[in-house]
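As a starting point, one isolated chain is supplied in structure tokens, in the form predicted alone.
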């Protein structure tokens, strides 16, 4: 059996961590501290990729990540040619949901990996179409009052209270949660790190 590889997640997302743990991975978490608001890109998918890379590089450069494979991820919603990260507050989340209901958007999640043992790096962006349900104003206000949509890109989840308000997705649901496990496996293979070496 191959030696166990140390694995670090450069993200504070509880959903991302839970997805990885459910898949048999148990990464150490080191938050990057990257100022997402200062980053711009030509389009939403590119922004997700750049943010994932910046988070990964910020953590991979620290002594605490020495000898580890580091994963950085970032998710951004593309809706009607606009780029939406986390809402600025409850009023913004309500306004977004009133626009999103009955429509579709594309959730882009950037993934970037660095193997600090040899400085090899690889990345890609996974994109999944999300179809939003025809939710009522009362449902929107109740959902926003929980605080959940204020913590996530696009102001929604599919693995929490927001799940009933998403009528379906086209693509990998993991992308919407915050990490595409099939893409992660492919990227790790590109670094010659079988995903099974990260199992706990």
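Since the structure is predicted, the reported quantities are computational estimates derived from the model, not experimental observations. Residue numbers count along the first chain shown, from 1.
This next part talks about the form predicted in complex with a small molecule, which is not shown.
Look at 61 to 69, 131 to 139, 145 to 153, 39 to 47: in the predicted bound form, residues with non-hydrogen atoms within 4.5 angstroms of the small molecule sit in 145 to 153. Heavy atoms of residue 159 reach within 4.5 Å of the small molecule in the predicted bound form, making it an interface residue. In the predicted bound form, residue 73 approaches the small molecule with a heavy atom inside 4.5 Å. When the small molecule is considered in the predicted bound form, residue 186 lies well away from it, no heavy atom lying within 4.5 Å. Interface residue remark: residue 86 is counted as part of the site for the small molecule in the predicted bound form, having a heavy atom within 4.5 Å.
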